[in-house]
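Alright, two takes on the same chain below, each alone as structure tokens: structure 1 and structure 2.
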Structure 1
Amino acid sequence: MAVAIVILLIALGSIAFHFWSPWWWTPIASNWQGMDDTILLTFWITGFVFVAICAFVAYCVWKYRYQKNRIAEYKPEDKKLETRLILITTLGVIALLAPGLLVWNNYISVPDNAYKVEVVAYQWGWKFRLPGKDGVLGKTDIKLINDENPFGLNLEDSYGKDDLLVDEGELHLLLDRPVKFELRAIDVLHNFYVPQFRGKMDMVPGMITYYWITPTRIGEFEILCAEYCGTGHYAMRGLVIVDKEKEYNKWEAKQITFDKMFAKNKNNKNLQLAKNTK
């Protein structure tokens, strides 16, 4: 009886800790409430199964405790029980997977009006690129990355000349405007993760991965790398600031275009070469 009571107390204690836990997710700041809903559904289903199993084990410990005159029953198979367990398990798996598949489908189905922002990860920091007045991001190639062209833009692509380059690890987004993050890494595997956005995705060298969000409240939100990427992984942090239109326009107006940055970097290199030759 004591063992059965301990098992029940463990189940009850686990439920209490779940509801009073200090380790809960941060308040959501994007359109992905569905992420939280699927997690809550998972908690309810797995929590019910956990309590049911603990209660069953406690019952068995008490019911089938040692009794001197009891004769054990040998029952190797029970096809009815097996069938019921298979059906219940199947329904549970469907209930766990189906909502997540629906959310995932929405997660990768980008709206036509989404504003594209390129996120570039490197050891150990973040850079960003926004479309200029033409609204189109220019083409890039990792082979073109150098001191004058740190983003690796194709110089022959006219769409890239007015792209806005943000090389300081701080990105601003406009409130309530859908955003598509186009993600690329220039060295090793990284992961772009903003907890309040409920969005994360691996960044694989040689590939462009993506996901989209709609920021739903203003504020500052920390960017984390959620994939171990080397000794400086712990310090690979950035900042996303969601602004209203007036503040966002002020920030955007201060950003430098690729055309100006390339000319500036090239001029600085020429000056350095001239100094070295003297």
Structure 2
Amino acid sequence: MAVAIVILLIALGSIAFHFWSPWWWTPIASNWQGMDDTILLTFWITGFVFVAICAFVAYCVWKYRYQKNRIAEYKPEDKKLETRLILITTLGVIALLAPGLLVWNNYISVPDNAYKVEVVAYQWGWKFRLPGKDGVLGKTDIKLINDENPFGLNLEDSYGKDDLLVDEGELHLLLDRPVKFELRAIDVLHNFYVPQFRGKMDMVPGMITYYWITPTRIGEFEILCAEYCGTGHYAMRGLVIVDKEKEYNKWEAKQITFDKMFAKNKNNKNLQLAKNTK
């Protein structure tokens, strides 16, 4: 008997926990309201099924508990009932899947006007590259990475010269401007994840992956790595700051172009060499 009550309590307790516990998603700061909505829809449908089935089990356990002279029903099959259940389930599944696929279609279709930002992940930190004045990110290759050229930019590609390099683990984004993150890893898998943006994608050495968002709220948001990448995985944090236009421009103006950085690094290296030979 206790089982029936406990099963019922588990169902009701789960609902109570869902509505009254303090733990819920962080307020959204991007355009992916659709993801939250699909989650809510899924919650309603699955929650209903969960409670209904738990209640049914509890009822059966109570109503049909063992009695010496009770005889269970003998009914191997009920085709009609089975067909009906299959149909209802199929409908439920379609109701979940259809909106999900629509949102996914948006997620993988980047708008043409999206501003491109490259995110580079390494063990264990974040770097960023903005396209600079020409609006185009220059080509890169992991093989070109060295002390003077930490991003591995192709020196022959003139698009790369004005790219802005951000090497301090902090990225600023302009409010309400769609942005496409081009994701690159130089050593192992990582995943660029900002809980408030909802989006996520692994970064894979040897290829460029992407996703896009539109930031819809100013504020500071923590970047987390969401794909296991070794001992420092849990500590691989960064910061995204969503700004209004004025603050954003101020920040962008302070960033250094690849040209300048390369020259500076070369210089440093020559100085170093000179010092060493002295």
Partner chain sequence: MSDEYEHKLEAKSDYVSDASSGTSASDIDKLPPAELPDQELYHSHSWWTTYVFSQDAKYIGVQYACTAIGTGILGLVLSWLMRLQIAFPGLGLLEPSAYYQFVTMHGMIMVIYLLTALFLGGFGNFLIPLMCGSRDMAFPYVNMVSYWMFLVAVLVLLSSFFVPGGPTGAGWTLYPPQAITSGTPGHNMGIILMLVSLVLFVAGFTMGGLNYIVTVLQLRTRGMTLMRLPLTVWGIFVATILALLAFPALLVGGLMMTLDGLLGTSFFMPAIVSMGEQLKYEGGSPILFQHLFWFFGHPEVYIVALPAFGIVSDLISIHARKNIFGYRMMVWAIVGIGALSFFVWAHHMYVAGMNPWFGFFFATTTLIIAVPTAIKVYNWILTLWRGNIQLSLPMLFSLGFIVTFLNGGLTGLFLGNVTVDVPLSDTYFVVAHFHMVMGIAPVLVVFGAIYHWYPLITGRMLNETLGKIHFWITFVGSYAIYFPMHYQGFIGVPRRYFEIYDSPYIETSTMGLNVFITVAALIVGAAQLLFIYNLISSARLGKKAEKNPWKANSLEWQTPEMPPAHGNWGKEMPKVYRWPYDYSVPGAKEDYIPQNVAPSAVTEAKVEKS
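Take the two forms, find the largest set of C-alpha atoms that superpose within 1.5 Å, and that set is the rigid core. By convention here, residues take numbers in order along the sequence of structure 1, the first being 1. All values derive from a computational prediction rather than experimental measurement.
- Matching the description of the form predicted on its own is structure 1; structure 2 comes from elsewhere.
- Positional change of R70 between the two structures reaches 2 Å or more at the C-alpha, relative to the superposed core.
- Its Cα shifted by 2.9 Å, V6 is compared between the two structures on a rigid core fit.
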